[in-house]
Every structure is written in structure tokens, then in C-alpha cells.
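Here we start with a single chain on its own, the form predicted alone, put down as C-alpha cells.
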Amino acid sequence: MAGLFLLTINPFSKNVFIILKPMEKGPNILIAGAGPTGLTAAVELSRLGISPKIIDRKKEPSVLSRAVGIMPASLNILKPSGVTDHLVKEGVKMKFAQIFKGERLLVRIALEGGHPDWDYAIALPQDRTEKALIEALKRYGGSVEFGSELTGIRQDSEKVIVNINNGPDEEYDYVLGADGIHSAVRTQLGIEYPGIDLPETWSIADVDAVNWPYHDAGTICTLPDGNMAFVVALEENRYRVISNTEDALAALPLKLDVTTRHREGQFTISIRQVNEYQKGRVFLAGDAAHCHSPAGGRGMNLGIADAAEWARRTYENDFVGYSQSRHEAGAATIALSERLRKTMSSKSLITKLIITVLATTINLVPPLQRRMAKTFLDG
């Protein structure tokens, strides 16, 4: 026998076809960062027969809820690996989106028909989403090396040389930096992260509460002076409240009977995006490449889409266009998030009047309801 051959079915083709080709060793891949972006890249590569090394400087998996909303596009991406079934079973199905002006409901949009595959978004704490991805990675024979910090990186035309925990040099064909806003990969390669920091202080509260009547709805409350508050369910009787004020719970105009406060804090928001998602054999994805406000709930989903496209291109050995494609997607998501944030936080009386009139019209015109549902679910 002349040599070993690999039986291949192209997983991205609508037509099933078989290729017999000499079996080759797959590329040697390092993924820095085990959040949803890095884990999605690792799961997708593993599903396609490429076993990456994935590291994270945390000593153990995160227990923080962080990002919550999982949109239909992400559910479609994660379906082949079995992760979606777990997310749908574990998460809260958000079937409505609604806007209040103070305590008065302006519009309630049913999301039915907003997407061809899913009539809802999923709300689930990020640590549980990460757990589902880690379990999927284990099914493919992979694992995360926690407590492993990238302490050095350089490259030439043929390889990337990496230091982990100041240890000996390691060589990789490609590296994906999915290591967050303060990315060591991006920083050590000198890649700029242009953008702005918003001046106001935001706040967050994760609480247990009873008698909240909008468990299956994403809720936005507009407030005087350009303030706003968001509420979304995390699980049964547990909720996330976010506001562009210093006290999210105090800002919320609707009654929320809080029984336990799990986490409260303040944060600032940056609006940033790298100009290029690739430098030689090193790539960026997720928050390492872009960040924006939580308005619209798109951040984690954008990172998952980055990771899936990068994994596909790695499998196909074709990175041409990755940077342009993901930059365009990132810029569109940032623009959408900023439009929503600026509209909801506007102090202009004219803007507030337009919101009220538009909300009234949407309530009365079903086609507008469906269009808004599509915008919310599909972007």
C-alpha cells in the first residue's frame, strides 16, 4: 500500500461528496483565551478534525455571568457540535422585546417569525455557556490548559514562537488571540486598538427576585436625563439589571422584588475595534478585536461568529479575506449597538417624541412588528 488515505466529507457543502487524499498532519494551532470566542474556535476545529491547544491565564473556569444573550446566528453555529441543544435546554427563551418610558409600556414586540429557525433568543449566564463549550471540547478529546499565561510571542514567515508562563519556546503554525479586551496577544504584537471610552459610569446587578411579570422578555426602560435600564432573566427567579447610571437597581422604574443580591458593580464602556484582524500568522477574534456597549446584546455573539469563520478558514487553509470579513461584521455590530444606545439615552425631546410615535405605530402595524423582530434576532 503506497500510503494512508483520508476519507473526507466536506462539512460546509450542501452537496455530499467524498474525497480520497493522502493523510496529512493538521496545522499546529494555539488559541489564547478560553471565553466563548476561544472555546468556540477550539470546538469547531476539533469537530473538523484539528486538535488545537487552548490556554487561559485563569486558574479555573470563570464563575461570572458576564454576557447573557445568545442569538439565533450563534445557535446555528453551535448546533453541529451539540452545544445548542444544551443551551436551549438550560437557558431562558426570550420571546419578546419591550420598551418602557418610565413605568409606561411603549411597545412589546413578539419575536415570532423574526428568524427562520428560532423564534427567540436565549438568556444564559456566560459561565454556563462556557461550561457547555468545555464539555463539548472534552467530547472531542480536547481540554483547556488553565493557569497558562501567554508571556511572549513573535513570528517569522513560517511559524509563531510563543512563551507560556515564561517557559521554553513553543512553535505553532497559527495563533488565535481570543484573550479579551486586554489581550496579551494584541498588546505584545503592538497592534493598536483605536476607539473611545464613554465618559459615564455604568452599573450592573445580578439578583434573585420574585413576581417579575416579564420573565420571557428583554426589557428596556428609558428614563429622564438620558438614562436607561435593561432587565433580562438569567434563570428562574434570577435577573440581570444594567443601567448607564451608578446604581442599576435604584434606576429601574419597574417593581422588582429582590430577595438576594448576588453581584453588584460599576464599569465603564469602551467602543473600540482593531483595523486588521490578522498580523502574519496571528489572528484576533472576539473582545481582543472589538468591544462596544451591551445595548443589543451582540458582543458575545459577534465573537462566536469570528471564531467560527476563523475555524472554517483554518480547516480550508484559506485566510484571505478573514480580516476584511470580520472587520465589516464588527463595524456593523458596533454601529447597531451605538444607534440603539444613543437613541435610548438621548436627552432630545424630539428623539423621545419620535420613539413614542414609532412605538405606537409598531404596536398597531403587524408587518412592522415582524420587521423589528427580525432586526432584534437577525441583526
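Residue positions are given as counts along the sequence shown, with the first one as 1. Just so it is clear, the model here is predicted, and its values are computed rather than measured.
Although not depicted, the form predicted in complex with a small molecule is the subject of the following passage.
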| property | result |
| --- | --- |
| Partner-facing stretch of 249 to 257, 236 to 244, 218 to 226, 99 to 107, counted where any non-hydrogen atom is within 4.5 angstroms of the small molecule in the predicted bound form | 236 to 244 |
| Glu149: touches the small molecule in the predicted bound form, heavy atom cutoff 4.5 angstroms | yes |
| 4.5 Å heavy atom contact, Arg47 to the small molecule in the predicted bound form | no |
| Gly38 within 4.5 Å of the small molecule in the predicted bound form, heavy atoms | yes |
| Ile153: touches the small molecule in the predicted bound form, heavy atom cutoff 4.5 angstroms | no |
| In the predicted bound form, the one of Lys352, Arg66, His327, Arg313 near the small molecule [non-hydrogen atom within 4.5 angstroms] | Arg66 |
| In the predicted bound form, the residue from Gly180, Gly114, Gly91, Pro72 that sits within 4.5 Å of the small molecule by heavy atoms | Gly180 |
